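Quick setup: one chain, the form predicted alone, written in structure tokens, and binding and motion questions come after.
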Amino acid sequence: MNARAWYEGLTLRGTFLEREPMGRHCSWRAGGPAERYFEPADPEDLAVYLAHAPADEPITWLGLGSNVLVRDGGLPGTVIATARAFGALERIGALEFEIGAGVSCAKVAKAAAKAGLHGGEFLAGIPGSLGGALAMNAGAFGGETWRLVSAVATIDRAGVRRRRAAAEYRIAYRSVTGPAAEEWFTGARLHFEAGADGAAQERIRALLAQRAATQPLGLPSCGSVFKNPPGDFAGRLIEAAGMKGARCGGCSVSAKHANFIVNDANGTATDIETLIERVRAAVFAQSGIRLESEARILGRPPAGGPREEKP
């Protein structure tokens, strides 16, 4: 049997590509190719694909690609891009919205604020999609995604879709543990608070101004690279270790915010990963603290390239 036969016979209505460069889809603008890249037309299209995929087919979910680095050697299996199939955003009650995993966090923040609802302003500072925010309990400006979640929608490897209560998940700082393996978020119901008209919109403007003043938004990056260790800030530790402005190839530690690595000169994924490990080593040598990456480093390194150092 031909190794490609399982998908060659499928009738798919979305976009299906082979050997798709992931630098086109990740905010670092670097990375090797995905073996397969599928942007389903809708949830039913995705269910067909998943139902026919072999049990050992690696599946990687991708929203806006804001916290993903695909190594230059490429990514095996299939990347599922969520924006097209899971882009719904609907107000369903006085205080709640039903939102697809492919919707940007910034769009969620603005929709809630426009409706006069409060509590989601911090989402304007998260550069990714709701699906990614759900998967890692993303946060900004003191807020965290799962504080808003009342229920989620999921899909598993067999293409079976479910509805689950937020209480079924164990939530921690930048960590979410669910009741089943290989079950992915396709959306969520978020609950906000009532408030004074215009106040949430004004807070979003203030937060975005703060973000623009303190972060290198004009250059390709993944946002914050490292999680803040308990009682401290990754950016402070990186600067104290003398790594602010450090460079590897076409990438550097931002001079504006030390917890950002920017691709400012056509750098490669290998440049970025090498710099991540140099920063981690320098901070450990200076403070004894082993920084943990927020960014997901995926795929195969090129021949002779670095591998992610495990904390």
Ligand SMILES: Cc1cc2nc3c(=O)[nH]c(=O)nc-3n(C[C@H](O)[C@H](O)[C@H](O)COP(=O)(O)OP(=O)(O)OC[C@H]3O[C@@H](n4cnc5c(N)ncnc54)[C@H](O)[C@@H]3O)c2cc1C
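Treat the numbers as computed from the prediction; the structure is a model and nothing was measured. Throughout, we count residues from 1 along the sequence that is shown.
Unshown form predicted in complex with the named molecule; subsequent notes refer to it.
Checked against the named molecule in the predicted complex, the residues L190, I238, A101, A112 give one hit for a heavy atom within 4.5 Å, which is A101.
A single residue from the set A135, I204, V149, L117 has any heavy atom within 4.5 angstroms of the named molecule in the predicted complex; that residue is A135.
Using a 4.5 Å cutoff between non-hydrogen atoms, F260 counts as a contact of the named molecule in the predicted complex.
For S254, no non-hydrogen atom is located within 4.5 Å of the named molecule in the predicted complex, even though that partner is not displayed. Proximity of L217 to the named molecule in the predicted complex falls within the 4.5 Å heavy atom cutoff. Of the heavy atoms in R91, none are within 4.5 Å of the named molecule in the predicted complex. Heavy atoms within 4.5 Å of the named molecule in the predicted complex map, among the stretches 123-131, 159-167, 194-202, 228-236, onto 123-131 alone.
Using a 4.5 Å cut-off on any heavy atom, the residues of 68-106 that reach the named molecule in the predicted complex are, in sequence order, V68, T82, A101.
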